[in-house]
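Below you will find one chain, with nothing else, as structure tokens; this is the form predicted on its own, and questions on how it binds or moves follow later.
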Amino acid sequence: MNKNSKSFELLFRGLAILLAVLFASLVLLLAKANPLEAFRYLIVGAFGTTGKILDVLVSWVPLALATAGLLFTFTAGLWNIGVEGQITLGAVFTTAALRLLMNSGLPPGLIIFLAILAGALGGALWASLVGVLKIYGGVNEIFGGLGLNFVSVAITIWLIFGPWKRPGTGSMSGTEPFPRELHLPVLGNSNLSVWSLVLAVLGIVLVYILLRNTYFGLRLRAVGKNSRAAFLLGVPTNRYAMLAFFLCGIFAGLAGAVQVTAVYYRLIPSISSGYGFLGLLVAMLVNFNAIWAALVAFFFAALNIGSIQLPLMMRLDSTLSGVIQGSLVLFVLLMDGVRRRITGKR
């Protein structure tokens, strides 16, 4: 087998998946649980009924949006750890727009549309702040993003227990739910909004086109591969880095908007639901490919939903899904390093 062939690369990806499964099985054995039974409950919990499959899609939508945005910053060689805060600020801006417009007399559909746009703007502004700190302040984007994550959580808590608190007293359950006419329509008796699903699919397609088939994507890849060389060749690297942050923030903000208008129908303290950090894991796995990002994000969403069965059926903590997700990323990166060492690639 040619060491530089796709088959050789897929072989190492397969070994990484096998090692991740074996590692998760070892963890289960240490917890005195049957690995085969646990994996069966994970599958049944995610795909056992039509309703559960729709729940997987509900989880997939914000994760896919967050991952799609992260592909911009990853392509530009930037670690946008602040994506969690950008999702949160998208939700805050969406909530603010809904509260401002709900008694304006405008059609509900227009109010929801404007609120979603406000969410995209909120995420973009928060991501741009990370870019400004890095480019003009010399603050590494990892530290800047993490710091702004804490600020976004603090803003959310302050709003829930302060200006936007529920009548009587503030509550960790969040703000007052919005009236039903300000909810995105759902499919039948499920929690899945077709509109949010369409938004996620269009987002994935748009990112795929921009990164793979445009001059912008080519320049962004050049910045990510070698920013100094790109600058010497005439690429405005700072401008492209800011654009990457801005575009990532738009998608993260849309994820936050979906959480408000199609999932929780209000602002809650943990509105991001960890989709930003999970999106980072997905983005690390897919090598900048938006189509693969959609598929891997679906797999991760299925693990999230399927793991709900573990405490119910086996008295195991549902965080097993996180063990599988994290170990999968770890072993894929490890095996990719081994493959590059064998082939002599840097």
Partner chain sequence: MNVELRHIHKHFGKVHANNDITLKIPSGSIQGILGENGAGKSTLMKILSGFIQADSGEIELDGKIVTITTPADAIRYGIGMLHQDPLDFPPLKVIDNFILGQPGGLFPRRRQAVKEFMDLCGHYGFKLNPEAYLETLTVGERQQLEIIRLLWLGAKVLILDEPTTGISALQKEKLFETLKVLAKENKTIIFVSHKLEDVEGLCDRVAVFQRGKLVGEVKPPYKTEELVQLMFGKAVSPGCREYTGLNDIAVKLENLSLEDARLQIKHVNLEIRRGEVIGLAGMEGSGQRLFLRALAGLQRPNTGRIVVDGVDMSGKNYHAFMKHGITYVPAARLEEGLIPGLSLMEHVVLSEEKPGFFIDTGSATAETNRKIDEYYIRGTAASRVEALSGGNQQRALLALLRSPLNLVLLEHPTRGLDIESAIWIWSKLKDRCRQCTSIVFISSDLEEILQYSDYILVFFGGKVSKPLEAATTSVARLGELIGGKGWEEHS
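Model, not experiment: these values are computed from the prediction. Numbering follows the first chain given and starts at 1.
What comes next is about the form predicted in complex with its partner chain, which is not displayed.
Among 121, 230, 115, 243, the residue placing a heavy atom within 4.5 Å of its partner chain in the predicted complex is 230.
Of the candidate stretches 97 to 105, 194 to 202, 219 to 227, 248 to 256, only 219 to 227 contains residues with a heavy atom within 4.5 Å of its partner chain in the predicted complex. With a 4.5 Å cutoff on heavy atoms, residue 125 does not count as touching its partner chain in the predicted complex; it lies far away.
Within 4.5 Å of any heavy atom of its partner chain in the predicted complex lies no heavy atom of residue 110. The closest heavy atom approach of residue 185 to its partner chain in the predicted complex falls outside 4.5 Å. At a distance threshold of 4.5 angstroms between non-hydrogen atoms, residue 77 is out of contact with its partner chain in the predicted complex. In sequence order, 209, 210, 213, 214, 215, 218, 219, 221 are the residues of 183 to 221 having a heavy atom within 4.5 Å of its partner chain in the predicted complex; the partner itself is omitted from this view.
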